[in-house]
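Only one chain is included here, represented as structure tokens and corresponding to the form predicted on its own.
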Amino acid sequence: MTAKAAVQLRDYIRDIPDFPKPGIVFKDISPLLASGEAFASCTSQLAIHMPDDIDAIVGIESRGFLFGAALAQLTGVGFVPIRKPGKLPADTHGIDYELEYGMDRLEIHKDALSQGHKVVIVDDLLATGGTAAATVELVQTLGAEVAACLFVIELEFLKGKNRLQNVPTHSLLKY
């Protein structure tokens, strides 16, 4: 698959200072999502980094759903959502993980993946890596192999990639 080279994704990311709290510069992807051309280009660029023989795309709630579902549709593989507690209707497996300001939890349907499945995890942003690392562990608990983690944006100064050392990781934009 080839990416649309004419679109510069960085042009569709805007900085929102002091959001969600003072001192944070939020990378807002809303302009990228609002442009059909930019969103399509972003999805195509993510697809370039997909390993072969993938069984499913795993998207992390919530913005990972947007890119993960689009990537799954583009590549013809299934989509598996990773959700916050109480959002999935069937039996789930969950993992608690530490954030810089407390704890959080992610869940997956117990029957979503199984031994031998090969998956790609997709999210919009790699920051400290806590959510992505917890997702890798959650997927591996079901017996699946994480072939890669793909992100639209990586905040390199937070060193989140260090928490994903055993998984090939690619980010389209680095700040």
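Computed from a predicted model, the values in this text were never measured in an experiment. Residues carry their position along the shown sequence, with the first being 1.
In what follows, reference is made to the form predicted in complex with a small molecule, a form of this protein that is not presented.
**Student:** Which pick from Glu145, Asp55, Glu107, Asp124 sits with a heavy atom within 4.5 Å of the small molecule in the predicted complex?
**Tutor:** Partner contact (heavy atom, 4.5 Å) among the options: Asp124.
**Student:** Can you say which of 44-52, 135-143, 23-31, 113-121 gets within 4.5 Å of the small molecule in the predicted complex, counting heavy atoms only?
**Tutor:** Partner-contacting stretch among the options: 23-31.
**Student:** Check Leu155 for me: does it contact the small molecule in the predicted complex (non-hydrogen atoms, 4.5 angstroms)?
**Tutor:** It does: once the small molecule is placed as it appears in the predicted complex, Leu155 has a heavy atom within 4.5 Å of it.
**Student:** Within 4.5 Å, heavy atoms only: does Ser35 come near the small molecule in the predicted complex?
**Tutor:** Flag for Ser35 set to no.
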